[in-house]
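Provided below as structure tokens are two forms of one protein chain, presented individually as structure 1 and structure 2.
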Structure 1
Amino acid sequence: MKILVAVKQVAALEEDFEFRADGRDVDGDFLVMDLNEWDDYSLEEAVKIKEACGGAVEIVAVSVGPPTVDEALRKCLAKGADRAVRIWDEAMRGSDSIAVARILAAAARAEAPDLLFAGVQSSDQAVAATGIATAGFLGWPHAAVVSQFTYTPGAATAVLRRELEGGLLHELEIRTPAVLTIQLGINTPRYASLRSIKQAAAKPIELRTLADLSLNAAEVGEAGSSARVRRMYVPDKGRAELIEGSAAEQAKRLAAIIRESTGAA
């Protein structure tokens, strides 16, 4: 049995930062990179399944990105992944969440896993679309915001619980192969031991390109994306005012504020 875990290396801002010259992103020198928090829980869930069945499961961590992504993939290897696959081609630069899903779906076809795990969202962009879009490209059953999962390796179905709005929980059975997006709190991610970190450093990271996945440049990058970043900026800071006095005085002041903000006479 095989579980494919899609992971992302995400960016966090330093306290002081500057934008790139084109204004479409933050200068990379001011970013701190790390494994996406949601993906850490996805990987742990896969490792738990492997441990519960005595190890007859192969866990493959896969990520789309340049060589810097290797650091996040080695962290996955140190925490229990058996293999790490990085997918990259310069034509992929600028891919939106749907284009990334198209790439992951191609990787899943090549790997033929029984399950594909992804985090509910990434902490840097929080689009929450990649995992479900991947299921759409594959034509596989899917479930989002999974908070509990029960599966016996080799079984045709799995039972899961997912979070809904208003504090409701939804329990259902799903056929495999399937795509699941994993929610925070489903488990407690482990820390990698020093020994496993050293072992991960010696393991190879497999590279896949567009040609390897039978994709073309028109399907990825900005050419294959419906959304693209036009501008990134720091929003203007607002201000607050505590309106005191009687109800009539408060109403008068509120009306004045509205006139000032709208330019009304």
Structure 2
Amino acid sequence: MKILVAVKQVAALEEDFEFRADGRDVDGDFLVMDLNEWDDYSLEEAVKIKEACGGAVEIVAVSVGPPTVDEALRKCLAKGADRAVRIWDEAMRGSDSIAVARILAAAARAEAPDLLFAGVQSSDQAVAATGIATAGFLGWPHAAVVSQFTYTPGAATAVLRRELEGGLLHELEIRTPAVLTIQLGINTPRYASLRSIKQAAAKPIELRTLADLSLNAAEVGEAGSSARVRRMYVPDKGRAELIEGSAAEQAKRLAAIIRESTGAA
């Protein structure tokens, strides 16, 4: 029994930041990197399945990215992943969600897991497509936004619940192997102590390249992507003002603002 957990190292903005010279992304100096929040939950869900059955489950964390991604993978090892696989090739730089899904699908074929977990979305790009697109490439059953999951290792099917709009729940039975995107709140992710993170630093992180996965450069990176970022920018801020003072003063200021904005001043 094997569970593949696809994870991503996401970026969070520092207080003050600058854009890259090409204007298509934030300058990396101003980004704080961390494991995507949703992936914390999908990894925990895998570890729970493993613990519930007493350990005959192999959990493999997999991520597409440059060497800096190792830090996020180490965190997965610290939290209970048995192996960590990083897939990278310079040609993969600039891959969009679909291209990343293509890469993950190739990795899934190589690993042949019984389940593939991904987060519903990433907190930085929020495309929410990678997991389901991976299922598409693999031709596997899939379910998105899973909020409850029940599976006994070895069983041919799993039962899951999804939250729908309006307080409805969707209960599904799904054949394995399947791809599931996991929603926040499905469990309580465990804390990875610094000691366990340090110990995980000693574990190897396996590297896979294009050739290892029988992909070619045209299928990945910007070449293999169907969308391209044109620019990233901060929109002009709207204005807001808290009017203070007595009712009369507030009314006077309000009238002035209306005159100003209608050009009547």
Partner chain sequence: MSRSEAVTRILFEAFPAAEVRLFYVLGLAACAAFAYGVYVQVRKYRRGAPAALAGGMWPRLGWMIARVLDHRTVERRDPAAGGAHRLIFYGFTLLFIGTATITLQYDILEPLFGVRFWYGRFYLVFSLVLDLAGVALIAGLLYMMVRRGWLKPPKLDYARPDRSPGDPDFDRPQYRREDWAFLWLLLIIGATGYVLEAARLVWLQGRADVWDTRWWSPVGALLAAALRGVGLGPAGGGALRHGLWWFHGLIALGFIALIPYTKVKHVFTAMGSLMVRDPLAAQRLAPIPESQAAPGVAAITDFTWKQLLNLDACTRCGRCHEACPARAVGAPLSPRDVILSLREFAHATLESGTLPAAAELNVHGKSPGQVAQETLWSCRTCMACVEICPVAVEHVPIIVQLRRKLVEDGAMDPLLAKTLATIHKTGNSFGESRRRRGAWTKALPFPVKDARREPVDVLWFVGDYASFDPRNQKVTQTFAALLAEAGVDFGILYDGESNAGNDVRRVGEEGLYEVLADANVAALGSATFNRVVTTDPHSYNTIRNEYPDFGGRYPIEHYTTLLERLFAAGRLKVTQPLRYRVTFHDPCHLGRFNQGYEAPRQLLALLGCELVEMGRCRSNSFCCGAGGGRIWIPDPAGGEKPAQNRIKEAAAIPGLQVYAVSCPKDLTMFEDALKTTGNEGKFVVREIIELVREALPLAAPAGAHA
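Because the structure is predicted, anything quoted here is derived from the model rather than measured. Think of the rigid core as the biggest set of C-alphas that the two forms share within 1.5 Å after superposition. Start at 1 and count along the sequence of structure 1; that gives the residue numbers used here.
- Remark: structure 1 matches the stated condition (the form predicted on its own).
- Superposition of the core reveals a Cα shift of less than 2 Å for residue 16 between structures 1 and 2.
- Once the rigid core is used as the reference frame, the Cα position of residue 202 differs between structures 1 and 2 by less than 2 Å.
- Between the two rigid parts, the smaller one rotates 45° against the larger between structures 1 and 2, as C-alpha superposition shows.
- For residue 240, the Cα deviation between structures 1 and 2 after core superposition amounts to 5.2 Å.
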